[in-house]
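We begin with a single chain expressed as structure tokens, specifically the form predicted alone.
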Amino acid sequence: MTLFTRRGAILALAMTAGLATGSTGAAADYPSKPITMVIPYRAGGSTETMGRIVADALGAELGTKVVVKTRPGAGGAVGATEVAAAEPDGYTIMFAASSSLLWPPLTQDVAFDLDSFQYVAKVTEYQQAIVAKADAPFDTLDELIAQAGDTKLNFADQSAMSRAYINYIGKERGVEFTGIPTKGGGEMVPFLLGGKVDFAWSGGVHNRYGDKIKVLLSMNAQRLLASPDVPSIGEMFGVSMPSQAVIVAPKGIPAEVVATLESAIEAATKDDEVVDMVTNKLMFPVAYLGSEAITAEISETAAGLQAVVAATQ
């Protein structure tokens, strides 16, 4: 089955379908036991660190323990597969980057697709960008493209998805770039600052380096919080990278449970420790959206991702 052949009809009805399960006594008593929050990445990264703080705040709001379980592997697909197959009772949820739900079904042989989940809420937006060293001889994406027309530029390549988007930009503008593999932002930054690459994709780590790194393009649909004068890939190319940090559950979760989780997650995003972690330490915006709104936003992001994959694979 092609993930996007029924995109308009399915995702337009995703909220309705996801909430169609009838009321049960168990749903009315929810939660009556601890909840497992799967985070499909290794410990120590920004999502896992943020997820533990969110889990504590969410548990306090729900009056139960929210136990974090890391299930790394295959770009998030291992954890997503586990959650997609779990009982849709609200006791297994996942906190993850939306890319872990969108990218694997298009590029890997996985046992889930975008419609395997109920999208409960968005917590924040990763601040993804194309960045360069502060003294690079270009200050905008257009200037970078102009230089790439004369000299082939290389970039810090963190993942297949970031590579696809950068190649998409190059194809749209008629230039080619050379990707230099790097292991996450921790390796990207010294490559960039040390002059080993001309520019890089960043998931947000550039925010920690002040005037040492400049932003050339927001890779989100909108402009970035810290770089409001820099255009977005959405403005320039009509596509965007999946940027949402979301909480999802297996499809079929009861309506009462979704409503309970939505309310608790919204309250948790206002918790002092969560706000401090997200805005002060990670320098991301708190950007809560409920189930209906995040389902629509994911649908739009998915359509853009499909276009990028079709053009670059």
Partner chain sequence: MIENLVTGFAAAFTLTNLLFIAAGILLGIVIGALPGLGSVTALAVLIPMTYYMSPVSAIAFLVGINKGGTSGGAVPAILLNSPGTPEAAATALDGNPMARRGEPVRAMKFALYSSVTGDTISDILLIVLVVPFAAIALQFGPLEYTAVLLFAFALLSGISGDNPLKALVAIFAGIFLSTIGLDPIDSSPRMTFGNINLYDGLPLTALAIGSLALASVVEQLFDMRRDGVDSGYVNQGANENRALPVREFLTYWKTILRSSMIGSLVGMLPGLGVTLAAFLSYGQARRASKKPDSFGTGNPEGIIATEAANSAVVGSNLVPTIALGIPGNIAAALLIGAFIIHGIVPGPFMLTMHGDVIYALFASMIMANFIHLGLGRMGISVWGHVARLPKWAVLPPVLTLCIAGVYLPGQSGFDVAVMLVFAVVGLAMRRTGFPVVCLVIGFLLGGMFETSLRQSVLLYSSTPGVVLGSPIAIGFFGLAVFILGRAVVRK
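Numbering follows the first chain given and starts at 1. Because the structure is a prediction, the values reported are computed rather than measured.
The protein also exists as the form predicted in complex with its partner chain; that form is not presented, and the subsequent description refers to it.
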- Contact stretch among 226-234, 101-109, 116-124, 141-149 - heavy atom within 4.5 Å of its partner chain in the predicted bound form: 101-109
- Item | Contact residue in the predicted bound form, from 264, 27, 277, 66 (heavy atom within 4.5 Å of its partner chain) | 277
- Task: Taking 4.5 Å between heavy atoms as the contact cutoff, choose which of 86, 134, 175, 78 touches its partner chain in the predicted bound form.
- Result: 78
- in the predicted bound form, residue 162 touching its partner chain (heavy atom, 4.5 Å): no
- Query: Does at least one non-hydrogen atom of residue 167 fall within 4.5 angstroms of its partner chain in the predicted bound form?
  - Reply: no
- Query: Heavy atoms within 4.5 Å of its partner chain in the predicted bound form: does residue 258 have any?
  - Reply: no
- Message: Would you classify residue 71 as touching its partner chain in the predicted bound form, given a 4.5 Å non-hydrogen atom cut-off?
- Response: yes
- Task: Residue by residue through 173-187, tell me which have a non-hydrogen atom within 4.5 angstroms of its partner chain in the predicted bound form.
- Result: 178, 179, 180, 181, 182, 183, 186, 187
